[in-house]
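Same chain, two forms, each on its own as structure tokens: structure 1, then structure 2.
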Structure 1
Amino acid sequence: MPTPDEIYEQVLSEETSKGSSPAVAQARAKAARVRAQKGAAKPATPAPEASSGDGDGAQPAAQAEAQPAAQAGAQPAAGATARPAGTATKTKPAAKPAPGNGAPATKTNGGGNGAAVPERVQRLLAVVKPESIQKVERQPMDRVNVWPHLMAAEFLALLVVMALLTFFSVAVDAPLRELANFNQTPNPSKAPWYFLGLQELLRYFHPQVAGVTIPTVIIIGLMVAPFVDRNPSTRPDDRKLAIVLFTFFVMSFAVLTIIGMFFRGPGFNFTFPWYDGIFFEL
């Protein structure tokens, strides 16, 4: 009967000759050795000894147990050859063969009929290498730190805007005007530049439409736009809807403001600034 170590070496050599990886071959050989050790701990019960019969001769003492073949699909072995009468025979428990290419091991049925009963064998599905379960480092992202990259850019932008405001304040005179006289309305009477777009709308629509309906629709549309266009991309080619809506809003407001600022004269009538001058003060 081969020992568990011999079965281990046998299965290891078979798996290596078949081209299996070293990890798979060692795992299958260890499984075969464990099964052999469990079989050695519970050996099969030997058949009882046979005694000599009458003077006309005795039948064979017992029939040897059936042994499964090493390969899958092999038939159990035949009974043992009969021995002369008067001699006692004893069957030796056969060693369990090492499982071959995934074939389940079998054991002899205890009922004495010699039928092969398959044992419960656990198969090795895969061997996971340690490298595959190690923690993967985070891939580098296209990000920069707030300090000093973002803070430096914002501070530079602040300096540029402050320089432009200082130059504009020195170059353009903005004196305080006299107190308002309710008996003398200036002509034309224009709103501040940020309200000139709405004042220009009053020349085309009813005050309820120009002062309430249109601004409300614009504000609601700007509030709903992020929920309609949920594309996270920052490429202009992928954000056509958002770009169209924002461009329409900005251009409409800019055109109305420019017309009310430079192309409206006395009585808020349409005029050309290069003929009649500019009727607008900051």
Structure 2
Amino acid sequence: MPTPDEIYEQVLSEETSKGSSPAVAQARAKAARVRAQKGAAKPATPAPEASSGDGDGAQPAAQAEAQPAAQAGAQPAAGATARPAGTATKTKPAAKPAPGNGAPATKTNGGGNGAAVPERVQRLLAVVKPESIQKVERQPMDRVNVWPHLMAAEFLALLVVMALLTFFSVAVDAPLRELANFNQTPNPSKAPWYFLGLQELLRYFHPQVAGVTIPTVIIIGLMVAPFVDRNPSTRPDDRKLAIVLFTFFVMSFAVLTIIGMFFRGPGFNFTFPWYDGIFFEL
């Protein structure tokens, strides 16, 4: 019986002459050497009829044990005996088959023909890289724990806003003018600032257009925006039109609101705040 190192050399030269790549040849030779070592270290499980001496002492041993197990249907003793050899030759599924299920064992053993089998697929498993047989569909994403990363940021933002708001509230008092008097219209009368854009529009359009049609169109337009904008991209470069349109509407409304706030004086007529002062309260 050859020593493991001899087996290594033998398999290596065989593989090289077969034309396998050096990596594959070396891997197979190494695997054969390991099997030989394991087989030598386990004289308690000798192969009854398969001491074929072809360099793979352990392999037939595994088959000899696994074969009856597969045929007779899972004797625990047989499975247990086969396991050390099975581990070495990576035929573990074959070594402990389920009752009445001889298929895996038969498949791995190549129809139970002892000595011809060892040079088989299992050896290839050692060199196949996982990426080549697994299809990765979902790209791993860079994720962080909400606690503490997000919640710390949220808490900080909350504290900052609360502090600013408190300082502002201590410094500036909310307006409280004299008691409501329906006989005395203040001049000018202005809507709350968020409606001043609409009030400004009243100067240019019929009340029904400025007060009803335009707000309705704005609301409906906003609501249907995702259904009108069919462009799936979220990159700014791909959606210049959407960005330009939205910015245009926001800016025009902001301009109208600012005019209504600061540039409208008594009678809601145009003034300059630096001449006549500001006719506006929050």
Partner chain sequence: MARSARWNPREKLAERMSSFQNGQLWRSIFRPGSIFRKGYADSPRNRAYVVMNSLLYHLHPVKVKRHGIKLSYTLCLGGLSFFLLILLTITGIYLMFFYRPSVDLVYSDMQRLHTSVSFGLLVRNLHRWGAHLMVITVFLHMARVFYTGAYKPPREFNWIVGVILLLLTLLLAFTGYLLPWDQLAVWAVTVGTEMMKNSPVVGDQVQFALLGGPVIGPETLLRWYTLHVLFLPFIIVIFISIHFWRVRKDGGISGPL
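Please note that residue numbering is based on structure 1, beginning with 1 at the start of its sequence. Each form is matched to the other, and the largest set of C-alpha atoms that superpose within 1.5 Å is called the rigid core. What you see is a predicted model; the values in this text were computed from it and never measured.
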Looking at both, which one would you say is the form predicted on its own? 1
Would residue 241 count as moving between the two structures, using a Cα shift of 2 angstroms or more after superposing the core as the test? yes
Fitting the rigid core first, would the Cα of residue 259 be found 2 Å or more away between the two structures? no
Aligning on the rigid core, do we see the C-alpha of residue 214 shift 2 angstroms or more between the two structures? no
Core superposition result - C-alpha of residue 11, shift between the two structures, Å: 17.7
